[in-house]
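Shown below, as structure tokens, is a lone chain in the form predicted on its own; questions about how it binds or moves come after it.
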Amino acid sequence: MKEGLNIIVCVKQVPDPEGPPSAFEVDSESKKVIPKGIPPVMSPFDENALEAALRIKDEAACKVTVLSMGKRLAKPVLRKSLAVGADELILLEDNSFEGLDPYWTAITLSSAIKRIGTYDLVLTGRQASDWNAAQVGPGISEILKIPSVTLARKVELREDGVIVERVLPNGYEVIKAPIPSLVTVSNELGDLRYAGIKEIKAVQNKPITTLCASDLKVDLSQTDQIKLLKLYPPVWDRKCNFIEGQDAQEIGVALALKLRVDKVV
């Protein structure tokens, strides 16, 4: 395996997706989802990407840099990346970074990656657990003009490139790409390792680099590539039908006929 690698992992802060549906309010006027009493967490798919980077670091000397973007980022949440083994945390924090669409998110993250300079591998989650767009990772690869492989369940680095096991509906395929490359990591890779109290305390005073829009020289004055026309909660319509009959066989036949009429079977 190649030594001295530089790996960049892009992570997103999101409302905890394990929160109850009742805690999420849809504001149709402002076209926003407003979490009520839900704490922020690192997107679970991005945790998979960070775990992929740490497994590579377990095998060879490399530097893992974590990159996160947003407004009013919760530093204790993102310091978790340092506690589990990342070497550096860079926060892109600016009011103009709130609510960016995937296109402008990819542009901003790419600008930060170019500023970092040297990198061999960029890892992201397969998608964010809030909007599930799955567009930022491939967008970054297009802007940086590097190959991308999506839906990885395993990532290995060798002298001559990156080897990825890519998830398929009925199994997986093995893909080899040159480095630098971008890989989006799926949940099949496994959960992020646990950070103990000792590790969490050890990184409390570790410095964090913070950059704003002017540092990255990105112009976010016209971020209208994607327009959200309407946002509303789904409408549920439930109907209950009772199937009657003299015995189980008659009820079964009646149920089968009803399912056929309703085009369920």
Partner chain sequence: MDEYRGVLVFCEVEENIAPITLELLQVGRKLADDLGVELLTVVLGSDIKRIADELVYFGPDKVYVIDDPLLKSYNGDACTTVLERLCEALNPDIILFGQTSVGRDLAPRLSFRLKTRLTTDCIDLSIDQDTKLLLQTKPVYGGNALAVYVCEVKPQIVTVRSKTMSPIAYDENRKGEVIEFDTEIDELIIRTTVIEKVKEEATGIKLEDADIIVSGGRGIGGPDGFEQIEELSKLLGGAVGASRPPCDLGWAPSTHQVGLTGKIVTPNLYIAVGISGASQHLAGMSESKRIVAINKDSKANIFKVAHYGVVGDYKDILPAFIKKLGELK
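Quantities reported herein were computed from a predicted structural model and do not represent experimental measurements. For clarity, a rigid core is taken as the largest C-alpha set superposing within 1.5 Å between two forms. Numbering follows the first chain given and starts at 1.
This next part talks about the form predicted in complex with its partner chain, which is not shown.
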Checklist entry - Of the options L54, C212, L220, V33, which one has a non-hydrogen atom that comes within 4.5 Å of its partner chain in the model of the complex? => result V33
Next on the checklist: I'd like to check something about G117: if you look in the model of the complex, is any of its heavy atoms closer than or equal to 4.5 Å to a heavy atom of its partner chain?
Outcome noted: no
Checklist entry - Does any heavy atom of S148 come within 4.5 Å of a heavy atom of its partner chain in the model of the complex? => result yes
Checklist entry - Quick one: does K71 come within 4.5 Å of its partner chain in the model of the complex, counting heavy atoms only? => result no
Checklist entry - Do K176 and its partner chain share at least one heavy atom pair within 4.5 Å in the model of the complex? => result yes
Item to check | its partner chain in the model of the complex - contacting residues of 235-255, heavy atom within 4.5 Å | outcome: W236, R238, K239, C240, N241, F242, I243, A248, Q249, I251, G252, V253, L255
Next on the checklist: Once the core is superposed between this form and the one not shown, does S22 show a C-alpha displacement of at least 2 Å?
Outcome noted: no
